[in-house]
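Encoded as structure tokens, the following chain is the form predicted on its own, with no partner shown.
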Amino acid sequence: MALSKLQRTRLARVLNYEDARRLAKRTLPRGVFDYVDGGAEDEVTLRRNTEAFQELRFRPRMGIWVAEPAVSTTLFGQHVSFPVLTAPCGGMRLVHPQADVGVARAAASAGTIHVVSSASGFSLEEIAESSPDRHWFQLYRYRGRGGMENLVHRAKAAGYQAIVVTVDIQVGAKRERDWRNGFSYSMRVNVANALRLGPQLARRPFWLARYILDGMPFQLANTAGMTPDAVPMALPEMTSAGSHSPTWDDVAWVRQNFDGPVLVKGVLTAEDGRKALDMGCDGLVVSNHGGRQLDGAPATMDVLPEIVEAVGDQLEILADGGVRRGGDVLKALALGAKAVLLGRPYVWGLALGGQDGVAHMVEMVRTEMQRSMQLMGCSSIHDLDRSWLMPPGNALNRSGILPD
């Protein structure tokens, strides 16, 4: 789909995350924007995710010229051009008709990996076929073990190289912006919803027109055609019987029935990191679900060091939550992450320009990484460790070096 002149103009004006967010707010209906932008309850954890990055300071080395910083790495033996993956985000077909297909293609073009959501707007098979490159699959549990097993077998048959098991949606959080907006991305087309959401949608005629042309998809594509024991359910509420994040028993089943890497997403303690290791998992995603689940949970950067210390020499550790700049990626790597997952920034790009908008945001982060490394005197991401960072409250640690 070619970009319109308006879309090209918008992307040209996007120099950072806040630019993209501001323009996306003008593009999307309030309910859709708040669904992406918001968090749980008072959104304390949502804010803390970005604050934790901002409190970390670099310790640059001067007098060093780095012509071409090395940013490529490997994840489970798979080469990626830089350590930024696109995170699983559900409901993206409400953001743009290209949705997960556009995100997967943009990630592939950037030489990295898209982690496909169980709650994707297109089926996992459609996404894999549309962009025949590397894909990982993020797993929820739908209406009991049967729905979960169905997804794992399908992902395996479609050639997904890794399974990312999300364990932090035991129940749906109280996301108050969604409640106020009357929003759920599994809503049905009916008179009541039309009357409730009509004023929001009327203010965004461009969005409404492309959504109608896309067929007004409401159902979660990966649940279509499942057996009665695993019927489509509403996220994020997860009110259906048996619908919750996988348990450790479920993780054990995935490990036994999937040959590729298995990662556990939603880990915030060293204890759970060791639990994943004991269960034979290959990696972790340190994550609080973007501040969308337990409000008051710690920021991922606050707990990343303890998890790296506990299992970082035995598991590949990734992190998400609050990544807004290329410098944030470098800070996470310095604290021991192997890579990060990018979420809201690419979603705003998707809203503004589909696949091209996602590519714009991903490349912006890459460019910021490389520029920051040149300013730091760092030639390779593999050189990063805690010595490149000052801790918060440096007056309490005048050495300026984070403790081991």
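The first residue of the sequence shown is number 1, and the count goes up from there. Predicted model, so just to flag it, every value in this text is computed and none were measured.
The form predicted together with a small molecule is left out here; the points below concern that form.
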item: Stretch in contact, per heavy atom within 4.5 angstroms of the small molecule in the model of the complex, of 255 to 263, 135 to 143, 201 to 209, 271 to 279; value: 135 to 143
item: 4.5 Å heavy atom contact, R344 to the small molecule in the model of the complex; value: yes
item: Heavy atom of R325 within 4.5 Å of the small molecule in the model of the complex; value: no
item: is_contact(A119, the small molecule) in the model of the complex, heavy atom dist at most 4.5 Å; value: yes
item: G321: touches the small molecule in the model of the complex, heavy atom cutoff 4.5 angstroms; value: yes
item: Position in contact with the small molecule when the complex is considered in the model of the complex, options A339, V36, V362, M369, heavy atoms within 4.5 Å; value: V36
item: The unique member of V311, A299, M92, V84 whose heavy atoms fall within 4.5 Å of the small molecule in the model of the complex; value: M92
